[in-house]
Structure formats: C-alpha cells, structure tokens
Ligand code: AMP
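Only one chain is given next, in structure tokens, and it is the form predicted alone.
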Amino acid sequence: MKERILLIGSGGREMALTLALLASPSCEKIIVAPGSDAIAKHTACRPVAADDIEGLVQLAQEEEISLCIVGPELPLSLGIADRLESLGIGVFGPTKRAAQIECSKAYAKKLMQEAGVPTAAFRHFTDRDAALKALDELSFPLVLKEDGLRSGKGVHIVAGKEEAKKTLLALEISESSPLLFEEFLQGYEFSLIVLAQGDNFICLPIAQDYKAIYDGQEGPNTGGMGAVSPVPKVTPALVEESVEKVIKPILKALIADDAGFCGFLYAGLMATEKGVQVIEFNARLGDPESEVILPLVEGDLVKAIREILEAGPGEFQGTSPLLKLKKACSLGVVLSAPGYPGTVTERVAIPQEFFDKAEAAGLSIIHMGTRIGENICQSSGGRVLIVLAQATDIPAARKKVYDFLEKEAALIEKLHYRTDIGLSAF
C-alpha cells in the first residue's frame, strides 16, 4: 500500500522529514501544510497554518490523505490527532492527552515519579511569593523551568539566590503559567528519539543537540544551534539502560494513564554518576536532531510508520527490519539571524552562490527559516539554515562543514554560528 501523506509544519524538521518520506518506496504523495518556499521545491505545499485544526482536517479529507504526520508540538497540543482519528484518518502523532508529556512539565514529572523513571528532584509553583520563599531552602545551581510549550526555551540555570530572585521577578508565575524548580544535574547530555505506538517502539540513532547560542554552552538557550549523530560517548550499554529505565516504563505509564503514546517520542537524557536521568520529554522529533538523524536512516520509513501504527502489543521492541542505520556520522551547524534568540533585528540575504558552493563541497543544506523569491533567498526567522555533512567520523564531518563555512564566510557574514559543534561528542 502506498500512502498519501499530509505532513504538518514548516521548519527545518519538516524539510528533513519531507526528504526522508519522499525517499520511501511506500510514499505515493506528500502535501505539506503550511510548508515553506524551500519545501515547495520538493513537494506540494498548502497555505494552511499548523494551528488551524479544522483547516487541516478539511485539507486531509479533500486530498484523501491516508496518513498524517505531525511535525511541531502546537497542533498536537490543540488536538489535531484526536480530530483526525475520529474521522478514521491515520495519524502518527499523540493525542492531546498524550502530548501533555511535553506540553506540561509538571504532568511529565508526576508521570515519571509514579513510573519510577529517573529524573531530577523538583518542586512545582503557581505563586511567585511561594517560589521566592522556597529559595531559602534550596541549594544552587538550580534549574528554573517555565511550564507549557516554550519552543525548546524557557529553561533558566541560576548560579545563586540573587540571580534566582532576579529571574523569578522577570517571569510570570500563576495557575496558567506554572514554574518548576529542578535539581541541577551534572553529566553528559544526549537525545534518544523513538517511533512509538502503545508499548511498541523503534529507536532512531542517538543524537546530541547544542542549545546555547555561544560556544562552550554560554549564553541563553535557543531552539538548538547544531547537532551530531551518533554520539561515540554514548555506549551501547548506556542506550540499553535508557531503553529499559526510561522508554519502556514511560510508555507503559502513559498507557496506564489512558494516554497511550503514538508518534515520535523524544527523551532528553543525561548520563550522570547515578546513571541515566531524564531532563525532558518532547512529543515530536527534535529540531535540529531530526536533520542529522534522518539522513542516517535507510529503508522504508513510511512503511515502518504504518507497521508500528498497526502493530499488536509488544511487537516492536527497539528495532524494525524495515529500517537500517548507515555506518556514518552526521553533523549539522545552524546559522542564525542577528539578534537571535532575542528579537531578530535584520533579515539577511543569502546568495545562491552559497548554496551552489555547498553542494559542490558535498554538503547539504536544510532551510529552517527562509523566504525564497526570484533570484533571492532571505532569512525569515531566528534559525535560518543548517549546514550538514556526513563522514566516517565526527572529526571528518566537522572539518567538511567548518572548512566550508570559513572559506565562504564573506557570503554569510551577518549570520552567526557556533564553532564547537560535535567537540563534546567523542
């Protein structure tokens, strides 16, 4: 069976997914909504916003979609999966209830606590005065997490009490905007993403994301300034521990809470002296992790998604014969616009010469936030492009990307990028 696919989203993750899905033999057609100028060069796009639930449902019906894949978290939080399922349209994405594992950090923490999934100690606040008072009882550094959808941001690491007070006074804390205090974990971060349905799951390659805007994890957090996959420091034993202590029990806990999960489940993890600990869960593919992971996956991704959707209990426990992993490393460096991750101060033109030279150098580029017109490409968001290389190992992939960026610096002089992507992975 060949699938008519509706992919929801418009960013780099969705462009990477588009390319991976188009390469699948079981794909008949892909429509992306709302898509982007860059995605439209590969497949059809429709101008339906990702938060226009009824518009997306109507589009799926009109185009006789057999499978909907949801990219970003917002339509999941609004219940797009519930609406499509009610109409008998196949969807790879969690219900509104299951998406709470990302949409509510408090819910995720409670679920982990009940399931015995290892995670940092935490406290939950809906009142600023109570939060300020609690600072007297806690040790530092401390992690402050704003609840709800924050696009990979909303996390503040404070070194001491005065910095914590200043941060608290700048944040909204209420019943509708809760705040979590979390124990500061020390260790080594990595990401494990699985295709999941019920207690079934298929593991994708391990990745590592670089969140801070500047080298050495300095400066405010972003949506991600680069990524690498796989991660040599993450051993097979560590992956097995993550599966047994995190993935399996959280999937069972979601089932028990009448929130059985379907879709891409992202586990942000940290290897500590006490073992693997969960930093966060996301209810979708990571970005920029997806851009480095998907090129390493060979096989029929569309058919694998369909098979896991229709699988019986316990049928997939980590692998699928439909998906094989390349013996290679993938590394991506994000180029961001002036002002990001704050207010973007300028739209930057990127000449076609930059893309032509990247292709000649054996690199690929995924558009994260651009507008493309006749003979012009211009930044339209904070994260603009991700420059990707595959090689036999991380040092070789790093060299390919950074040699190119340094050589062609004049073409992207107004765009910012980190120079240390991949250094901590081996």
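Start at 1 with the first residue shown and count on from there. Predicted, not measured: the structure shown is a model, and the values here were computed from it.
Missing here is the form predicted together with ligand AMP; even so, the following discussion is about that form.
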Quiz item: Non-hydrogen atoms within 4.5 angstroms of ligand AMP in the predicted bound form: do 221, 270 and 279 all have one?
Solution: yes
Exercise. Give a yes or no for residue 183: in the predicted bound form, does one of its heavy atoms lie within 4.5 Å of a heavy atom belonging to ligand AMP?
Key: yes
Quiz item: Looking at the partner-bound form in the predicted bound form, is residue 143 within 4.5 Å of ligand AMP by any heavy atom?
Solution: yes
Quiz item: Hey, in the predicted bound form, does residue 300 get a heavy atom within 4.5 angstroms of ligand AMP?
Solution: no
Quiz item: With a 4.5 Å heavy atom cut-off, would you call residue 211 a contact of ligand AMP in the predicted bound form?
Solution: yes
Quiz item: For the chain seen here without its partner, which of 184-192, 326-334, 343-351, 127-135 has a heavy atom within 4.5 Å of ligand AMP in the predicted bound form?
Solution: 184-192
Exercise. Counting non-hydrogen atoms within 4.5 angstroms of ligand AMP in the predicted bound form, say which of 247, 120, 309, 78 makes the cut.
Key: 120
Quiz item: Which one of 239, 155, 259, 322 is close to ligand AMP in the predicted bound form, taking close to mean a heavy atom within 4.5 Å?
Solution: 155
